[in-house]
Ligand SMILES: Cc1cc2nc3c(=O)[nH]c(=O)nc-3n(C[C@H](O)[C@H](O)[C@H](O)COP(=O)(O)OP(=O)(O)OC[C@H]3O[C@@H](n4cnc5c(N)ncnc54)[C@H](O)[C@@H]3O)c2cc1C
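Before any questions on binding or motion, here is one chain by itself as structure tokens, the form predicted on its own.
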């Protein structure tokens, strides 16, 4: 399995409970593809025992720089966010399958919820220099303005950008799916990409299926091993059984997933 060592170059607070870590890791910076993730060891001992997965948000191979967005939700992520600059990390990566590339000049829609913005920023960034660049539209939503972390990094890489918050504190008021429907009706994209909470993705999948738009989703699930052995990240597959987010994903075609069974979990 791909294993590497990184150290923390810089930590930025980008919102309440949200931090952007700049890691020095030449192996990951040179090889990570949009949509892939790293599995990071929290500390030097066995408590916490399990690694934590983080999508790669951006890379700069010239500076050996890898950026990951961390939202503190428990003791493990709090420890990671609290580490001092210079901290050395043991990590696995890059892991998983990334986003499929859009076709030349395609009109694509990116739909992000919360920290699901990270892998979509990487995708949008990777498309800026390709020949016959796709036309990139994006919708980014959260509960409130504080949840729209790194929105300027996202918006600056898109031709059109819409922010939406549930409480109306920034952008339009409502859910990302409320904005997605009229955006599709205004100008139907040829392909869509989405990452965020499962409930959001299920609705996005329903909307895109009804409109005949191919949709790729990046699933955010709890992971134990990160390499397919523990089955902790398995989700229901449309054809029956389960698929592992860490190895078969984290990016899937939306029609590979049984959204009805996902909603019952």
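Numbering follows the first chain given and starts at 1. Since the model is a prediction, treat every value here as computed from it, not as a measurement.
What comes next is about the form predicted together with the named molecule, which is not displayed.
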query: Answer option from 223, 235, 29, 213, heavy atom within 4.5 Å of the named molecule in the model of the complex; finding: 223
query: Candidate stretches 165-173, 180-188, 151-159, 72-80, one within 4.5 Å of the named molecule in the model of the complex by heavy atom; finding: 72-80
query: Contact of residue 41 with the named molecule in the model of the complex (heavy atom, 4.5 Å); finding: no
query: Any non-hydrogen atom of residue 59 within 4.5 angstroms of the named molecule in the model of the complex; finding: no
query: Residue 53, heavy atom within 4.5 angstroms of the named molecule in the model of the complex; finding: yes
query: Contact test in the model of the complex: residue 219 vs the named molecule, heavy atoms, 4.5 Å; finding: yes
query: Joint contact, 34, 192 and 194 to the named molecule in the model of the complex, by non-hydrogen atom at 4.5 Å; finding: no
query: Sequence-ordered list of residues in 150-170 near the named molecule in the model of the complex, where near means a heavy atom within 4.5 Å; finding: none
